[in-house]
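Here you get one chain, nothing else, as structure tokens; it is the form predicted alone.
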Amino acid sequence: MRRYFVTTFGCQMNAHDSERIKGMLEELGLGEAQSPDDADVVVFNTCTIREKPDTKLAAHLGEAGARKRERPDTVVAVGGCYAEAQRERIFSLYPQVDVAFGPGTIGHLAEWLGAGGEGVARGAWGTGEERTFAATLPAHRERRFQAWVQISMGCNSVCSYCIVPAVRGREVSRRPGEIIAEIASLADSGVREVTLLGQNVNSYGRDLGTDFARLLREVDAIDGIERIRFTSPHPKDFRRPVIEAMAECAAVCEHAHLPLQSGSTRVLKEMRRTYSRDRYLRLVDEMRAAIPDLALTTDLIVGFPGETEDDFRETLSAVEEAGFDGAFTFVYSPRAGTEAAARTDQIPDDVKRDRIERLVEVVQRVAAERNASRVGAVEEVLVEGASRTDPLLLSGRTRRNTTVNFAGDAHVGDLVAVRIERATSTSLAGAQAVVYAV
């Protein structure tokens, strides 16, 4: 049997897309290899939102090139945002690449790999204008009880540092009937938790005359779906109807990932984020008032061009004031073609390193305090498998999206009650109390 290996970089949307890529390859008769060294088809599903994924991809492609020199029949495919960003020169940059595809042209991959019997279409490329949702493609889901569900693609925001609109295009919403039908089918197959995906998930539906709050309520009404998550929203579109739907829908989890990016109103304006520090913090207060047990996570960038020490200190204080349960922290990375990359007031690398270390320290302290408040409580946990740190323990996530490692005898996919005994800045630990009915 010919085999494939898919390497995924970046966001949850890429995780969703990779499941579809795997499903297509398996429909072609390929099996999944344990490593790229054992694969006949090697696929890289890429991210380019920051410089680090580009660097990692270059190393991976160097290794793929070496394997291809030893085994010339190996097929190398590059998809995702980096492929789209480098569409004019991907094959000249990396001659070992046979086919390339953007985020919206995954469906062509099977054709280019010779599904029709014509052989590999070397040098094939799909254009951005051909974008289609990947939801109709076969899927190889990593977990039988959880599923990603794409509800939109593209982004209409104009953040001055972000390359996503350029590589994923303008926002397009998927028709609600298609989404509901997919989720109902997932529920029938045993899926208990769905995560709704979009570049700006809560602006869903405006091009169709509907809205995200209505979609949440419709998904909540589907029998068998016990947890609903979504990512990533934009603060400017987190409006009252969405907050009310979160509070009132039993399956919608008490967690929101709400990217702040900077705690300085001045920097936010230059980022073109369209909200101020005060507006963001008022939104946090409104959400916590409606959903008292809400967990909030965020994205934070340090070293944006022109960021002063005072601006940075405002980010630190915003972390304290918002009381985030966790944060993805990033050093600003210039992306070619963006407004911010052309600025002459770039921040020195040593200043960026100092600030990211100080930010991480505050984020971890605040998150540790938030998690410590859960000790003694009983949390509902969806079991995902063995703990990565101790194979004798089980691991899963609470409704608030916190990882819990615990002693118990539950099965993967079970909902269990866990009494929390210990906490760190990133996880909880405890022991199983009761297994809920499956």
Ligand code: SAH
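Just so it is clear, the model here is predicted, and its values are computed rather than measured. Residue numbers here begin at 1 and follow the sequence given.
Keep in mind the form predicted in complex with the ligand is missing from the figure; the text below concerns it.
**Q** Using a 4.5 Å heavy atom cut-off, which of 316-324, 172-180, 254-262, 217-225 contacts the ligand in the predicted bound form?
**A** Contact criterion met by 254-262 only.
**Q** Using a 4.5 Å heavy atom cut-off, which residue among 162, 268, 242, 153 comes into contact with the ligand in the predicted bound form?
**A** Selected option: 162.
**Q** Between 192, 335, 131, 277, only one gets a heavy atom within 4.5 angstroms of the ligand in the predicted bound form; which residue is that?
**A** Result of the distance check: 335.
**Q** Is residue 330 part of the interface with the ligand in the predicted bound form - any heavy atom within 4.5 Å?
**A** Flag for residue 330 set to yes.
**Q** Evaluate residue 199 for contact with the ligand in the predicted bound form, applying a 4.5 angstroms cut-off between non-hydrogen atoms, and reply yes or no.
**A** Looking in the predicted bound form, residue contacts with the ligand include residue 199, since a heavy atom lies within 4.5 Å.
**Q** Check residue 299 for me: does it contact the ligand in the predicted bound form (non-hydrogen atoms, 4.5 angstroms)?
**A** Because a heavy atom of residue 299 falls inside 4.5 Å of the ligand in the predicted bound form, the answer is yes.
**Q** In the predicted bound form, is there a heavy atom of the ligand that lies within 4.5 Å of any heavy atom of residue 49, even though the partner is absent here?
**A** Residue 49: contacts the ligand in the predicted bound form.
**Q** For the stretch 271-297, return the residues whose heavy atoms include at least one within 4.5 Å of the ligand in the predicted bound form, in the order they occur.
**A** Only 273 sits within 4.5 Å of the partner.
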